[in-house]
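Encoded as structure tokens, the following chain is the form predicted alone, with no partner shown.
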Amino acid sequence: MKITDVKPFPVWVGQRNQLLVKVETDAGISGWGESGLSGRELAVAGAVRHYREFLIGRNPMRAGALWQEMYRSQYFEGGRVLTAAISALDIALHDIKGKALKVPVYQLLGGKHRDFIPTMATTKGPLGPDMIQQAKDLLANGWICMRLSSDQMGIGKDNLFEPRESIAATAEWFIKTRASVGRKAVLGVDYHHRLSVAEAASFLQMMPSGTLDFIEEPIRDESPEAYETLRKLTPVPFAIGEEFPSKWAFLPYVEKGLTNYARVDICNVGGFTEAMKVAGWCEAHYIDLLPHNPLGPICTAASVHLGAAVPNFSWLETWKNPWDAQDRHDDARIFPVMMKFEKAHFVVPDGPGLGVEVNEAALNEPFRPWEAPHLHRRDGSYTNW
């Protein structure tokens, strides 16, 4: 079997662009993958086209060797654009292999450890009584783990964001939420790397011990040393890693105990080939995976197979919830077959490949330029989205 074509599809799905990648073969078997570099899909599509030049004619069953060739075939190694492209291609190659062998992808990874994948949902807010009610609704509908809404201030409106104001209001309502939902719920928050070390420490110290079970991405990840400093200032567990493009990026966070939940993103880290290495490394350090899953049904399916195949797994992020009729990233017209969701979990599929079908003819919604909010402070300076 040989690869005959590689097609990137940067298209609008739901509320955002998705970069889907199709790998075709001369056996009539095709595989689908997805890139995770949201907001820079055209850059990744360009990288996919570069890889296409030497992937055509190659054996798709050699996913591990092709991963190494794609990663090592340029002088400027790694980087989020290249590994997002490799991720999409690696996922597609595993989809092909599963279909060719007539087994689910998780069987290629050692077989499944669980029959269903528990998920983590997120309240929509706004911060206040509505958030508390949504947390109660999640518990009532089977969710144990949830992220609460931080004070978003002007995000999506005038894009004004002042960290100190946000953390003060957020801490107050988190204390009330814990009192309302009790100890059964696992409560976290994603601060989307918008804080400094001092701001993150102040925020966590504002709340009584046990208020939060984890904080996700409180500061940016470029400096592991900064996380070492923050680690000394709070006992609250960290959930880090959704931006990491390889096992090497995870290295200091795993080896130094700086992450307690690995937020591995299979569409960014390098697909199944790299994600399984990160998972094994984390297992050796008693770190569970809490995969990042903000994209479309292909990312979800790949994450479900990863979650099924590893022993050290906690929850999979999902945008599904009791109050929205449809996931904002799903479109049944484009994805006629997706992962089955019930009672706050995804059912692990038993069909060949990923278990997602794509209607290629429906990929006709043109790419739309989309920018994440450019946040600013009151003094006019820019800060992190």
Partner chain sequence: MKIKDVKPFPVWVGTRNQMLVKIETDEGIYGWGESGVSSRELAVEGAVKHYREFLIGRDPMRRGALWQEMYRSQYFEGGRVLTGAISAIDIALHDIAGKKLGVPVYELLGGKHRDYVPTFATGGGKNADEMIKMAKAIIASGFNCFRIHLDDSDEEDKNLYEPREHIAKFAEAVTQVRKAVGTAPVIGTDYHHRLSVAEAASLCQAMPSHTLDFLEEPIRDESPEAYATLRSMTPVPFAIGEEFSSKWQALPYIEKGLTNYMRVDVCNIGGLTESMKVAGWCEAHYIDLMPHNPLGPICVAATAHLATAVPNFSWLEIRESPGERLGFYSKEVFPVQPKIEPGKVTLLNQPGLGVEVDESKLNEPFRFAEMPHLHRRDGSHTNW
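Keep in mind the model is a prediction, meaning the values are calculated, not measured. Positions refer to the first chain, counted from 1.
In what follows, reference is made to the form predicted together with its partner chain, a form of this protein that is not presented.
Taking non-hydrogen atoms only, R333 never approaches its partner chain to within 4.5 angstroms in the model of the complex. In the model of the complex, at least one heavy atom of K97 sits within 4.5 Å of a heavy atom of its partner chain. Its partner chain is not shown here, and in the model of the complex it never comes within 4.5 Å of any heavy atom of A168. Taking non-hydrogen atoms only, L37 never approaches its partner chain to within 4.5 angstroms in the model of the complex. With its partner chain omitted here, the record of contacts in the model of the complex names 282-290 of 212-220, 80-88, 282-290, 196-204, defined by a heavy atom within 4.5 Å. For the candidate set L101, I155, L139, L233, a heavy atom within 4.5 Å of its partner chain in the model of the complex is found for exactly one residue, namely L101.
For the residues R49, K340, K343, R62, the 4.5 Å heavy atom test against its partner chain in the model of the complex is passed only by R62. Along 86-114, residues K97, L101, V103, Q107, L108, G110, G111, K112, H113, R114 each place a heavy atom within 4.5 Å of its partner chain in the model of the complex.
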